[in-house]
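Have a look below at one chain only, the form predicted on its own, in structure tokens format.
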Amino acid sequence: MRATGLVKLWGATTALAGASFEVGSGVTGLLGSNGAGKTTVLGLILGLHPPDGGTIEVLGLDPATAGARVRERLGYVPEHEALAPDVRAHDLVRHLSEVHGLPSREATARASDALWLVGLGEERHRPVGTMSTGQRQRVKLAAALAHDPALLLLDEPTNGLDPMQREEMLALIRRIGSELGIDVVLSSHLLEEVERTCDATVILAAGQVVASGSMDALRSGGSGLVVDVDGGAELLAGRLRTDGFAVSVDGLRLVVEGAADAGADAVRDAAAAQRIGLRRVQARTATLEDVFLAAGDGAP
């Protein structure tokens, strides 16, 4: 999937202001605060509304002109719930599979398979209204998976879940992306959720893409060193500060700002001079929070 210069206006409000990004295989996070444009991007992918500028290609098609064909190959789990409470989970998933064009017998089998996949096999004949929030989220996920989509769109899939349900949902999303061969776009405002689950991320701020790429590439933007010592952390930090380095200390770990090569030489020399044992000296990698905050500083 590829987008170039996407613009979307809602009246006088600019939801997207020239957003460009690519989504590859695996699980890709669509990360941004509320109002950043994430839900608008999902709507454009689904072909629910056309862009006011720029282009978007999904599975080789333009959703604005081939929306029905695109949606046939997509699975979508919306943030908000609109499930009929008196309908059994299996009947709901089967019906939505038929809406996607599956014959009745195949839809029945696929519905059972999808509900077993998401952990609701034994609960599949219960009315949706009798289920917990976490179970209803899984019903929505089963409905999005039953027709075997090429791309799965998830809009804040852990909203309303307790910590255990959230862990289980993230593990399930990870499994879908890594084992089932279905590419996933996970829209979320939670940094930790995206960092743990996704292979790549697109970060939105004020309707623009401020950073994107694989998680490894984004994390490689860190600077400085992480140093673990046997003892004497404050003593070593004092010596390094005297040498002109900015150093923070957390127990037996030091974070040394600056160029990694020069810092490593200085750490080794200072530790040897003070007879401090070094357990680890390695380049510091950026966290997704570092990337997000740095990107936000450059946003309009």
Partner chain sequence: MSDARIVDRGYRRYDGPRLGVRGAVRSLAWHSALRALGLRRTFWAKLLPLASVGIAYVPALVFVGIAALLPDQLVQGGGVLPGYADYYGFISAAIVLFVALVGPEVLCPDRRHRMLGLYLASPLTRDSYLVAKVLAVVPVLALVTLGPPLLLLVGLTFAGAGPEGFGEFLTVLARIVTGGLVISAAYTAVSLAAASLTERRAVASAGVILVLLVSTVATSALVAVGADERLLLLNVGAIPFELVQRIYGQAGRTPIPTAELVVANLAWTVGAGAVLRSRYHRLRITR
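Positions refer to the first chain, counted from 1. Keep in mind it's a predicted model, so treat the numbers as computed, not measured.
The discussion below concerns the form predicted in complex with the partner chain, not included here.
The partner chain in the model of the complex comes within 4.5 Å of a heavy atom belonging to residue 98.
In the model of the complex, no heavy atom of residue 138 sits within 4.5 Å of the partner chain. When the partner chain is considered in the model of the complex, residue 241 lies well away from it, no heavy atom lying within 4.5 Å.
Although the partner is absent here, residue 184 sits far enough away that none of its heavy atoms falls within 4.5 Å of the partner chain in the model of the complex. Only one of 208 to 216, 195 to 203, 98 to 106, 164 to 172 places residue heavy atoms within 4.5 angstroms of the partner chain in the model of the complex, namely 98 to 106. For the candidate set 225, 154, 145, 89, a heavy atom within 4.5 Å of the partner chain in the model of the complex is found for exactly one residue, namely 145.
Contacts with the partner chain in the model of the complex, taken as any heavy atom within 4.5 Å, map within 39 to 57 to 39, 40, 43, 46, 48, 49.
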